[in-house]
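Next up: a single chain in structure tokens, the form predicted on its own.
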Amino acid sequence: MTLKKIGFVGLGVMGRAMASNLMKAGFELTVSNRSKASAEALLASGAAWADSPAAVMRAADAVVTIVGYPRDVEQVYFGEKGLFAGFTPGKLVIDMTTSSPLLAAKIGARARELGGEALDAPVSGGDVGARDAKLTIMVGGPETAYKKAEPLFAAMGKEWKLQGAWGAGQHTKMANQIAIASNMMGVCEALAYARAAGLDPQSVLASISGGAAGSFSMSNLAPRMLKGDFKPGFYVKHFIKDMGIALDCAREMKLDLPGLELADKLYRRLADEGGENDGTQALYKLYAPERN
């Protein structure tokens, strides 16, 4: 079945842009969100509104979700008016929230019981990647569902890859977040060192961002740090959630991740000091108090 009518649940910083790109690619969109105000631009562009995830599911061939926390995913799928309340055989659900691998497997099993399919497909690329349809999409689930969903991934991302069975997308995203966590500490410490040494951090950044030290965080978030721009492309509170999931999974696998443990500790300190709704680049505040 060719997917034409798409539902979208979760219109936050990432979701609004992703939903907009699906519409630009020609898909018919029905949306739902806790706050209808977040959907106004999409509705003005021709999207339809539904009052619940169940209603979205009934209107669509496939539904994409990207919400905040695993508890939100649980409610969106299994709640009284959740997606599975409106699910019928042949339909597809794609959860793009960074969430629990175990919950992804639970969703996949329930979709199969109901005669449909499910994928877990968390993303990387932040607000810029979502806006520019250049997300990296990490997918878990059956290959048949993956093939069916590829036109949607093409509308939202630049790279997508099936990593394995249900939960494999989430585990891949955990690996992504682990790498980012330690890298973000390194970027902050490099800039703090440059400033303490009496150098121009902007000039230092220009020299090191194109070499072996280069990274997405170095090129895209370090300039924001130096400007004191801590607006969220990805919230600190959501990064803490992701690191918590990764640490829980690591403990289950009896794996020691000291770098991730330190990053988690620092970000929790940042949140305690009022930074939970900042972007992840706000970690720099702990190294450069004058930026607070």
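No experiment lies behind these values; they were computed from the predicted model shown. Residues carry their position along the shown sequence, with the first being 1.
Below, we refer to the form predicted together with a further copy of the same chain, which is not included among the displayed structures.
Interface residue among Pro151, Gly79, Pro142, Gly186, judged by heavy atoms within 4.5 Å of a further copy of the same chain in the predicted bound form: Gly186. Interface residue among Val123, Ala133, Ala105, Met218 relative to a further copy of the same chain in the predicted bound form, by the heavy atom within 4.5 Å criterion: Met218. With the partner omitted here, the stretch from 90-98, 71-79, 142-150, 159-167 that lies within 4.5 Å of a further copy of the same chain by heavy atoms in the predicted bound form is 159-167.
Contact check for Ala41: every heavy atom lies farther than 4.5 Å from a further copy of the same chain in the predicted bound form. Using a 4.5 Å cutoff between non-hydrogen atoms, Ala109 does not count as a contact of a further copy of the same chain in the predicted bound form. Heavy atoms of Gly211 reach within 4.5 Å of a further copy of the same chain in the predicted bound form, making it an interface residue.
In the predicted bound form, none of the heavy atoms of Ala85 sits within 4.5 Å of a heavy atom of a further copy of the same chain.
Shown without its partner, the chain has His171, Thr172, Met174, Ala175, Asn176, Ile178, Ala179, Ile180, Ser182, Asn183, Met185, Gly186, Glu189, Ala190 in segment 171-191 as residues with a non-hydrogen atom within 4.5 angstroms of a further copy of the same chain in the predicted bound form.
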